[in-house]
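Here's a solo chain for you in structure tokens, the form predicted alone.
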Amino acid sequence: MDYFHEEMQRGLAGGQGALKMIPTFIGRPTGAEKGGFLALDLGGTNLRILDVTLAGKGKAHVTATDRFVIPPSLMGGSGEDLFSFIADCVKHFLRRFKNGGPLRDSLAFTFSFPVEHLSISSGKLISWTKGFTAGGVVGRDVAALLNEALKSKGAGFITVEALTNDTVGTLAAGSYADSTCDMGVILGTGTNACYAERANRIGKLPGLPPPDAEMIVNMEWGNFDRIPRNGYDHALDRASSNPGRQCLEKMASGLYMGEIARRILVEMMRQGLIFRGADPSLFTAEYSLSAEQMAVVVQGGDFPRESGVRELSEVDRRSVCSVFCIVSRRAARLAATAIAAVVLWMDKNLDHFHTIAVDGSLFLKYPGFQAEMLFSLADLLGDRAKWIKFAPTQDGSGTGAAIVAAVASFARAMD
């Protein structure tokens, strides 16, 4: 936690470090925001569009939603073609649910890729991830690219009111319903976090008025690297597409948890400790074991048929489940420790109640993960852990984005 605080301080000051600490130019909602917004969620191969109505008093309603698949040719083609496709999807959504009319003119754009924010509604793409390589986008304002595409398609009445990611959306959704919510965390395929920071602590943005105001900071904490690692971690990192990066994510997220467990099982097979007489090629394909499959086995199920494991003996099941428990327990404890570090950064003596909005399949679905995180907080903080509460918060990338847009709209009205 001390190392975490050092990296947070360095990132807020604008120094080079493991945590990017990206200012988002947006604060938390009050819960009173109202209005209707379109929310567009691009975070992978699927594109979602939602119509969201905020009713105030922390109540948000999704009144329409549609999903579109991004063709691989567009993921690796030109940026112009990609954003043109997105604009076409928006028009299709309006025709289907709004009779093509401009009933909504404010768009919340969830763009879950690394972005350097320039304002509430603009930001430059730092780098593509998740298999995207569309040309002509890196270094450019993705909100402006979408606005241009919408205008060229005859939908210029719609403009991007807010640019955000799923982590910030999770915090917005949580704090819209609960004023004590001051941190958002994603624990799924990947992991990230954001929190409400005092403006006078963000040294790389000097002169923010007023100094006692707050701003949500996107930590990009998956890149935190001051953690002891073992041989399995180092082997996974060397074989990855981004060696030396995303250390915390490679130890505490769903995508990599299964791969670490797989490497351990392969080593145990080589030593003749499990699956005796099985095909030695079993599980040798990288990422052939997923966190979802781990969860099935832990709950008494079997490996999928294609794994080659037809039936687990009782001894093998105990051994495998022990490995899965060790790997998932470490992930949960690392996540809980990172959360504790951020909470203590915000509130050194834990004088106030803190609700943590959490989304992601690992947190929501993996057996025992939440309980292990709570145990870890109690282990770290003792009785003070009672001041921290987890709030499972789904769909921050949809309703949360609309709430961010509402906050942005209100802030502009006040200027």
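All values derive from a computational prediction rather than experimental measurement. Take the two forms, superpose them, and find the largest set of C-alpha atoms that agree within 1.5 Å; that set is the rigid core. Note that residue numbering follows the sequence shown and begins at 1.
Omitted from view is the form predicted in complex with a small molecule, to which the following refers.
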Practice problem: Report yes if all three of 165, 190 and 249 come within 4.5 Å of the small molecule in the predicted bound form by some heavy atom, otherwise no. | Solution: yes
Practice problem: Mind telling me which stretch in 154 to 162, 265 to 273, 322 to 330, 190 to 198 gets its heavy atoms within 4.5 Å of the small molecule in the predicted bound form? | Solution: 190 to 198
Exercise. May I ask you to check whether residue 114 falls inside a 4.5 Å heavy atom distance of the small molecule in the predicted bound form?
Key: yes
Practice problem: Spell out, yes or no, whether the shortest heavy atom distance between residue 204 and the small molecule in the predicted bound form is within 4.5 Å. | Solution: no
Quiz item: Would residue 182 sit within 4.5 Å of the small molecule in the predicted bound form, counting heavy atoms only?
Solution: no
Quiz prompt | Contact of residue 129 with the small molecule in the predicted bound form (heavy atom, 4.5 Å) | solution = yes
Quiz prompt | The unique member of 186, 336, 108, 173 whose heavy atoms fall within 4.5 Å of the small molecule in the predicted bound form | solution = 186
Self-check item: Large Cα move at residue 313 between the shown form and the other one, threshold 2 Å, rigid core
Solution: no
Quiz item: Is the C-alpha displacement of residue 344 equal to or greater than 2 Å between the shown form and the other one once the rigid core has been superposed?
Solution: no
Exercise. Establish whether a shift of 2 Å or more occurs at the C-alpha of residue 130 between the shown form and the other one, with the two forms superposed on the rigid core.
Key: yes
